[in-house]
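Here we start with a single chain on its own, the form predicted alone, put down as structure tokens.
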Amino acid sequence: MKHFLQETDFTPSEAAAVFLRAQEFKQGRGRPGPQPLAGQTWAMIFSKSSTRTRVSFEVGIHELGGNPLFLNKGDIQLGRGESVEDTAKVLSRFVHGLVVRTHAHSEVERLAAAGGIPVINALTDFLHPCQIYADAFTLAERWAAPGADLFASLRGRKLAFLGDTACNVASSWILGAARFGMKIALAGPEGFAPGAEIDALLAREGLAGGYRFTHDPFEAVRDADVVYTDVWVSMGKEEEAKARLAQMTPYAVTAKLFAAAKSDAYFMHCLPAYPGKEVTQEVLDNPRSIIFDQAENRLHVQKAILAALVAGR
């Protein structure tokens, strides 16, 4: 049974195929196309609020011919103490796949291990692989020559990630960069370096030593092809807001910092953004800011991921 819980769940050749299929879905949207989810129902278990993830998955499942079934964790027995394993076994009798947005990464792993249907990680506190695949596809669209291999266009490119480099998007980019053959430099304050969990995962995947961390944001963005940031106060960290804002201020992406990257570098943010905090409005409005292309591509890439998992059953 194939699942998509982390970036390395697809081999490089499988990831390349996902990118190509995403391009096909994007170019063919609005016209009759393949419906690999026809007759299927996919449950979406969400423990966290969402705009882009929920809408893109619901629309994507529908466009592939399937029926999305949204389940707020608090409205099902999982939220009242039923075990993850029992939930997985029961839902496997009803639906054809699970899209899960939750806190503990172990929860998606347990659902995948106990059930008999594909599971997609739509975000955990540790990783956000759908976001990183959509981001990488967004870059490949720009870097690949017409008709060339999208996936191959990522190799050797450098991404700089600034701010909370211990967050789930940063961890996913560390793992994703290793899978895509990219270089990644991260800059953040003391206490916010990539954690032991991502280092252990890289070691298990044979990808150790694949990133650089510094406290100097200008060092991180030097020669970068992409400058990336995320919110400084993620869901569940609201009580730390005041302290985080004080520590993160030197890592805000300003026009001056963005200008220190390559002259043709792109700016990316997984959204929602908070102008005046992790990034200035000037950078968000820059012609090389591709934040809304990232958001749109969640739909096309996730459709390709769904199609790949169905084909692999």
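All values reported here derive from a predicted model rather than from experimental measurement. Position 1 is the first residue in the sequence shown; the rest follow in order.
The same protein also exists as the form predicted in complex with phosphoric acid mono(formamide)ester; that form is not shown, yet it is the one meant from here on.
Peer 1: Any chance R101, Q131 and C270 all have a heavy atom within 4.5 Å of phosphoric acid mono(formamide)ester in the predicted bound form?
Peer 2: Affirmative, all three are within 4.5 Å.
Peer 1: Counting only non-hydrogen atoms, choose the one of 43 to 51, 27 to 35, 259 to 267, 282 to 290 that falls within 4.5 Å of phosphoric acid mono(formamide)ester in the predicted bound form.
Peer 2: Heavy atoms within 4.5 Å of phosphoric acid mono(formamide)ester in the predicted bound form occur in 43 to 51.
Peer 1: Is it the case that R298, even though its partner is missing from this view, gets within 4.5 Å of phosphoric acid mono(formamide)ester in the predicted bound form, heavy atoms only?
Peer 2: Contact check for R298: yes, within 4.5 Å of phosphoric acid mono(formamide)ester in the predicted bound form.
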